[in-house]
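A single chain comes next, written as structure tokens; it is the form predicted on its own.
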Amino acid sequence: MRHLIDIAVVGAGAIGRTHIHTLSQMSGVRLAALVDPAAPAIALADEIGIPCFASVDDLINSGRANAAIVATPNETHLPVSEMFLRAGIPVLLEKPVAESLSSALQLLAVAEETRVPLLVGHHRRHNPIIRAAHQAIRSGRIGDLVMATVTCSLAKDAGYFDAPWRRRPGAGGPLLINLVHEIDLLRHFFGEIATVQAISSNARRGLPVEDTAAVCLAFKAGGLATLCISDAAAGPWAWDLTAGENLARFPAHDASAHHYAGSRAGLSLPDLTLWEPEAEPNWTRALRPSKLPVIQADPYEVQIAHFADLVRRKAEPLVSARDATANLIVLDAISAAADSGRAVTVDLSPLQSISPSQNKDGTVQ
């Protein structure tokens, strides 16, 4: 029988509570403790009947958890995760991997040094919808990527910005908080990004961070993509508002937010509609729509099940710190492009400074 994994959640904000709820629905894992000194977190822990620690040190010293989910503000990801990794405690770290490339590279180095499992929480990768789309794209169903259009319209309420970090450059803003998901999926589907161009604006809210941005991407393998994102724009055209991943927080509208057009066919998400021609593509002839088959599952549950396999050392991270750091490099390039008004090359060479750990037989860990 598999041993029960005791998991602590660090940070009882919105995403932390999503993980808390998810853990309560699963077998084989157990919510062991919270780490959050705030009064609402203490009250929640009392309600659930688990301890709430004021610090990560207190949790580690208690020995109550053999794994941790880190759902704290971006700038704390490095110090909090490093404490767990050096204590030999596997970590599921919410995205983005860190608030800066420097911090991300430091965390990657710690992960490679300790060889303790670190999974970055790009939960969409665990969604069966994404897995079905990835299989269709990789198998050539849409042909070569020609263009992709991704829209993310999120009308966030004023109370969302009561948390100071959501207004702070390097931590807040939809580019870092939300767009990182879209960048991760585009890299997952179509490979590395060569260059980016971008325009951003804070005109709607007037905060020190952007509220709206438009981004153009060119892929190394060919093809172009556009991304338009805003946390001040009303509309259902966003993955969060269409995919039904977290119905406790977001409604699921009958709309699509991602559109991929290839040399053979088109694909929209999250509805998984494949648009194929009867013969060779021809704009004067109708396309035939069909739905790609999928067995629905909660991506947060699938992600934690995968994390449990990592804790048991039965798998490798689906989204590693190295992969997540590449996403951060792309985001930095987008910010630089928005600031300069020029195209910026995506340079992944900093990742080469951190050598992957190797097993005794020389294979990469």
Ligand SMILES: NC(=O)c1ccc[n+]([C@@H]2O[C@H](COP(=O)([O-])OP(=O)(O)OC[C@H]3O[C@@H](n4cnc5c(N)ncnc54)[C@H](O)[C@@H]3O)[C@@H](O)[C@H]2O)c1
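Since we're looking at a predicted model, the values are computed, not measured. Note that residue numbering begins at 1 and tracks the sequence as displayed.
Keep in mind that the form predicted in complex with the named molecule is not shown, yet the notes after this line are about it.
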Partner-contacting position among Ala336, Ile50, Ala305, Ala38 - heavy atom within 4.5 Å of the named molecule in the predicted complex: Ala38
Among the candidates Pro73, Pro174, Gly266, Pro270, the residue which, in the predicted complex, approaches the named molecule to within 4.5 Å (heavy atoms): Pro73
Residues Gly11, Ile15 and His181 all lining the named molecule in the predicted complex, heavy atom within 4.5 Å: yes
Residue stretch of 93-101, 126-134, 277-285, 211-219 approaching the named molecule in the predicted complex, non-hydrogen atom distance within 4.5 Å: 93-101
Contact test in the predicted complex: Leu207 vs the named molecule, heavy atoms, 4.5 Å: no
Contact of His253 with the named molecule in the predicted complex (heavy atom, 4.5 Å): no
The named molecule contact in the predicted complex: Ala194, any heavy atom under 4.5 Å: no
Ala163 within 4.5 Å of the named molecule in the predicted complex, heavy atoms: yes
